[in-house]
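Next up is one chain by itself, shown in structure tokens, the form predicted alone.
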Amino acid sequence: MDSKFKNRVREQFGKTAQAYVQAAHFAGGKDLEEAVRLLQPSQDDNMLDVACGGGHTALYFAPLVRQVVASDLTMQMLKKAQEHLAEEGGFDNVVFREADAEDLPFPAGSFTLLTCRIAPHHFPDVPRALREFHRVLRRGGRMAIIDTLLPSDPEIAEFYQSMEQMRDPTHIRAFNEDEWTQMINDSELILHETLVIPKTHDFQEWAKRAGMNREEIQNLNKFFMDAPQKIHDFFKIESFAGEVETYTDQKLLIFASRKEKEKK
């Protein structure tokens, strides 16, 4: 299942790569600001950005570290991200590498920093990816994962899962905070802090970025509009004349590290 699914991921993000690169809201935001605050990057850091997408996180951190390795499963996405970085500033300390988050092609202890932003919900095996993150981090290395937070209310969570899969068939699932905590602990990483950060999305831009056609967008719009009031309240759905304009979900930022080497 994994190989077929990952080929679907490559196909999905290959055809939408340019849209992700051009999505301005990925270029900044409170989540990146908080990640920098917690990770405290320096010119001594060698950083890996897993599932880099359009390269926005790599570009954000590039001036702050010695080197960034931006990795992604989709070669077409990497090419577009590389073009984007060249246009934005031509940082010579960012390199691109095709890589599966669950089987990273790097030696153990290669990086002092690791980021993974708005991607784990596409991973077939998140615990396996976390074990890989642990492996490639140097002892004492720091990590920030940012992904959509699954609501704790089962009805709202079911709505979220359904609408994400309507928009993008490569969405597998999001996780709630307790699930993330358990997975981090199981991977032997040390969890230091979590932050919940709201994110407002322009509905049309969000849907089109995933490559949806007009009929698919109309169906997704209806799914939002027909949802119970508690769904509208939770996601702060704003609409006009039957058309969804914006909605707001929550991102979870996880700050963790690999255990320091024990002193003898």
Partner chain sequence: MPVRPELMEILACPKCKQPVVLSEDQLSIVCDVCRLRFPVRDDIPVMLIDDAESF
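These numbers were taken from a predicted model, which means no experiment stands behind them. Numbering follows the first chain given and starts at 1.
If you look for the form predicted together with its partner chain, you will not find it shown, but the lines that follow are about it.
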| query | finding |
| --- | --- |
| Residue (of A157, I172, M75, I190) lying close to its partner chain in the predicted complex, criterion heavy atoms within 4.5 Å | M75 |
| Its partner chain: the contacting residue among N176, Q165, N185, S110 in the predicted complex [heavy atom, 4.5 Å] | S110 |
| Proximity to its partner chain in the predicted complex (heavy atom, within 4.5 Å), stretch among 77 to 85, 147 to 155, 118 to 126, 176 to 184 | 77 to 85 |
| Candidate site E205, T248 and K251: all three near its partner chain in the predicted complex by heavy atom within 4.5 Å | no |
| Close approach of V69 to its partner chain in the predicted complex, 4.5 Å, heavy atom | yes |
| Close approach of S239 to its partner chain in the predicted complex, 4.5 Å, heavy atom | no |
| In the predicted complex, T200 touching its partner chain (heavy atom, 4.5 Å) | no |
| 4.5 Å heavy atom contact, N221 to its partner chain in the predicted complex | no |
| Residues in 130 to 157 with any heavy atom within 4.5 Å of its partner chain in the predicted complex | E132, R135 |
